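Encoded as structure tokens, the following chain is the form predicted alone, with no partner shown.
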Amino acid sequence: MKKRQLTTLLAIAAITPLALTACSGGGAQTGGDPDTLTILDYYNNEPDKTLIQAALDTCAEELDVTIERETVPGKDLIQKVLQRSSSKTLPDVLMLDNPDLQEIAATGGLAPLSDYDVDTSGFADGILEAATYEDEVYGLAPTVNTLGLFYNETLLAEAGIEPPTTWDELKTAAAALTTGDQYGLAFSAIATYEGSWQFLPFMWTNGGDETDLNTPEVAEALQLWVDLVDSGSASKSVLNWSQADVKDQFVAGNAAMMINGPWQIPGLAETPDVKWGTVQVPVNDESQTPIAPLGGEVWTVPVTGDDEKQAKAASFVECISSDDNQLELATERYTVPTKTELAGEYVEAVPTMEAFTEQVANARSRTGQLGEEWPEAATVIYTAIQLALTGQASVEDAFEQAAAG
């Protein structure tokens, strides 16, 4: 199995934090100003950039600090972190996609939040699991996202079909809703981490586990996808569709249902003629609890060698995940608060997020089982999906063949 480039780069950079901790406490990161915090994140597109800025400004005012924020495209963030690590110019506050946290923490480049008595109680288990490395929590997330099943209310009503909650119902509904140029279901089976991400609800809910992909439970989940494509209920183009492409197919009326996340809701709002609803991702057996992957970003405190500023950065991380910020950001961005006690208040304010909020309660971290080794498993998963959907391997052999490279 091939690891992504990140793993190699991190190995090269692993000694950098040792040099950083030798820096004096003079605030090398920000020219020595103890009341200025630098921030690095990848919210460089609107409306997220402005919405996150407002939350950051609120915390800056509350903590009486000045912030200097830099945003970069998501694909460039890790490279930027490593470059700044080697030049000893890490930001005081660093946002990371949650699956990347453990790999960065493993280098010694992040400070445990327990060093600064940051309160991590009340957060959903999945997000704490994602932010934990060797029993220490290194980051907090104000909001998260996950996957669900969107359905076209009009098309299902016209066909007399209830939103499916089981795999059998999903297959039956998808077949009945497939007509002409319209497929019953759309999902992303692309050969990237998006494809693996979309497969996880089916694999995990069915009892599959990334620690052993060669099990009947995993094969059964893959067989579902193969059956949907082979029967024509889902397009063969799912092999090339990103999640954004899936949304476009749904909006265009080319799919009656889709697996996707709440980040697509603003785009759906631009086509008000498409009436939609959501349910949790269907399960194989009614006795099963839907388990989906947890998406979202965590805010962390890099090791800069300036203890005073690291303490302020930790307070900033705690502030960005306060109850008020969670509710405001979740409402504005169609994400889910990470403190479980806020779920009821949030759903009352944003009813369209009910299914996703329910899903988050049992959502799982992608790095919870394998930690730094998750990217390897993700690569095997999407490769196996491609092999099975193109008929190059049986569902029983796909994962072993994918692992063999």
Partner chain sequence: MTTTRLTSGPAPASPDGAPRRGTLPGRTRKQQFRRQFSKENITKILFVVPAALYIVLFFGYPVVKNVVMSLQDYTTKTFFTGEAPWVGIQNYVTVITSNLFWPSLTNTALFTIGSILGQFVIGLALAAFFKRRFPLNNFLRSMLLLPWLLPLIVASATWRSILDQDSGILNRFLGTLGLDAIPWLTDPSVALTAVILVNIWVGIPFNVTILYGGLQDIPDELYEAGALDGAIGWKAFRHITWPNLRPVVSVVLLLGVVYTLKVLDIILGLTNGGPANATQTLAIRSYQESFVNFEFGVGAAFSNILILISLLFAIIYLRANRRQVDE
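Numbering follows the first chain given and starts at 1. The structure displayed is predicted, hence computed values, not measured ones.
As for the form predicted in complex with its partner chain, it is not shown, yet the points below apply to it.
In the predicted complex, residue 109 approaches its partner chain with a heavy atom inside 4.5 Å. Within this chain, residue 241 lines the site of its partner chain in the predicted complex, having a heavy atom no more than 4.5 Å away. Residue 90 belongs to the set of residues with a heavy atom inside 4.5 Å of its partner chain in the predicted complex. Its partner chain is not shown here, but in the predicted complex it comes within 4.5 Å of a heavy atom of residue 103.
Judged by heavy atoms within 4.5 Å of its partner chain in the predicted complex, the contact stretch among the candidates 119-127, 207-215, 280-288, 228-236 is 228-236. No member of the trio 157, 322 and 325 reaches its partner chain in the predicted complex with any non-hydrogen atom inside 4.5 Å. Checked against its partner chain in the predicted complex, the candidates 311, 176, 274, 191 yield a single residue with a heavy atom inside 4.5 Å, and that residue is 191. Out of the listed residues 38, 379, 357, 365, 379 is the one that sits within 4.5 Å of its partner chain in the predicted complex by at least one heavy atom. Contacts of stretch 377-398 with its partner chain in the predicted complex, defined by any heavy atom lying within 4.5 Å, are made by 379, 382, 383, 386, 387, 390, 392, listed in sequence order.
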